[in-house]
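A single chain comes next, written as C-alpha cells; it is the form predicted alone.
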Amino acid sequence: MKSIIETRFDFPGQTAKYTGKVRDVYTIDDRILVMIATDRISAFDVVFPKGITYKGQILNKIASRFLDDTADIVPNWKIASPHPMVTIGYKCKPFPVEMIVRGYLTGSSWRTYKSGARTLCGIPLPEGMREHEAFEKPIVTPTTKAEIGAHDQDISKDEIIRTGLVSREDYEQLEKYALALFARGQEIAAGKGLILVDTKYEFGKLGEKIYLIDEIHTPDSSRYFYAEDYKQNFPQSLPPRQLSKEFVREWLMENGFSGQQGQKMPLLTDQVIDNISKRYIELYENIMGTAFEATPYDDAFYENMEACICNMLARL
C-alpha cells in the first residue's frame, strides 16, 4: 500500500459513518466520534483520485499535538489518539460556519483583492496593499460550512447573526477563541522559524459549552511561511517560500484546473504524488521540530488500526 484513501469499519455501537473530503468519521453510540485522517487530498473542494503517502499520519499527529497545546484556551473534542491516523473524541453539534483567521493578504484573499474588491467578508481593506503583506492585525473572515462536493461561501459576521446561523453571543465568543488560538499558533510557529499566515477553525457545542473540533494548524487547514525567507523576499516583492497546500492549488491552476465545471484534473503521476508527500513531511518536521517517523503501510496496518480503535472504545 502507498496510501489509504478509504476505510470500511463496523465498530461495536456504531450508529453512523460520514465520509468527508479527507476524514472518515464514525459515530459510536451517538456520543463518541472516531475520526480517521485518510491520505485523501482535496483542492478547490474536489477530492483527488489518488492519495498522498503518509498524509493522514502527518495531519493527525500535528492536529493532535496542537489540540493538546491549546486546551488551556478553549476545551476541545479530543479524548485520545490511539493510532497515527486516528483521533477519538466527543461528538459535538457543529456550528454551520468555519472561522478563517488571516494575518496576511495572500492566497484566496489576495486573489479577491487583486480583482478589485476592497472588502472581505464585510471587513474593509485598505488601498495599496501588496501580495503577502501583513494586516495591521489578524482578521476573521468566516465561511459557510459546505457539504462535500460543494463550495464554502464567504459570509460576513453581520449576515451570520442576521440570518440566525449563529447567535450574536456565540459568534462573538467564537471570534475571541479563534483569535486567541491564532495568536498561540503564531507564537509556536515563530519558535520554529515559521510564520502562521492563515488558518481555519471549526467549533461545536456539547450541551451549552463551546468546543474546538476537527483539525488545527495542519497543512490542510493552515498556511505557513519561512520567517527568514519572508523577511528577505517581501521587500523585493518576491514570493516567500511557504509550507501549505497552496502549492497544490497553484500547480492545478497552472495545468488548467480550478474546480470549475467541465474542467479535467491534470494527471497525478507518481512523481507528483511523491513531491506532495515530501512537502507534507517538510512541514511536519519544521512545525513539530522533530523527524517524521512513519508507520509503514504493511499488511497488518489496517488490522492494527482497527484493534487500536476497538481497544480504546472498550474503555470509554
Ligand SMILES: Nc1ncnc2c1ncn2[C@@H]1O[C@H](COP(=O)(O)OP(=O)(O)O)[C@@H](O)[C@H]1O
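Counting begins at 1, following the sequence as shown. Because the structure is a prediction, the values reported are computed rather than measured.
In what follows, reference is made to the form predicted together with this ligand, a form of this protein that is not presented.
The stretch from 269 to 277, 287 to 295, 245 to 253, 30 to 38 that comes within 4.5 Å of this ligand in the predicted bound form, counting heavy atoms only, is 30 to 38.
K157 falls outside the set of residues with a heavy atom inside 4.5 Å of this ligand in the predicted bound form. Heavy atoms of K192 never reach within 4.5 Å of this ligand in the predicted bound form, leaving it off the interface.
When contacts are judged by a 4.5 Å heavy atom cut-off, W77 counts as touching this ligand in the predicted bound form. A residue is said to contact a partner when one of its heavy atoms sits within 4.5 Å of a partner heavy atom; K21 meets this definition for this ligand in the predicted bound form. No residue of the trio E131, A227 and R241 has any heavy atom within 4.5 Å of this ligand in the predicted bound form. Scanning I213, L181, L174, V101 against this ligand in the predicted bound form with a 4.5 Å heavy atom cut-off leaves one residue, I213. Only one of the listed residues (V86, L105, L196, C92) places a non-hydrogen atom within 4.5 angstroms of this ligand in the predicted bound form, and that residue is C92.
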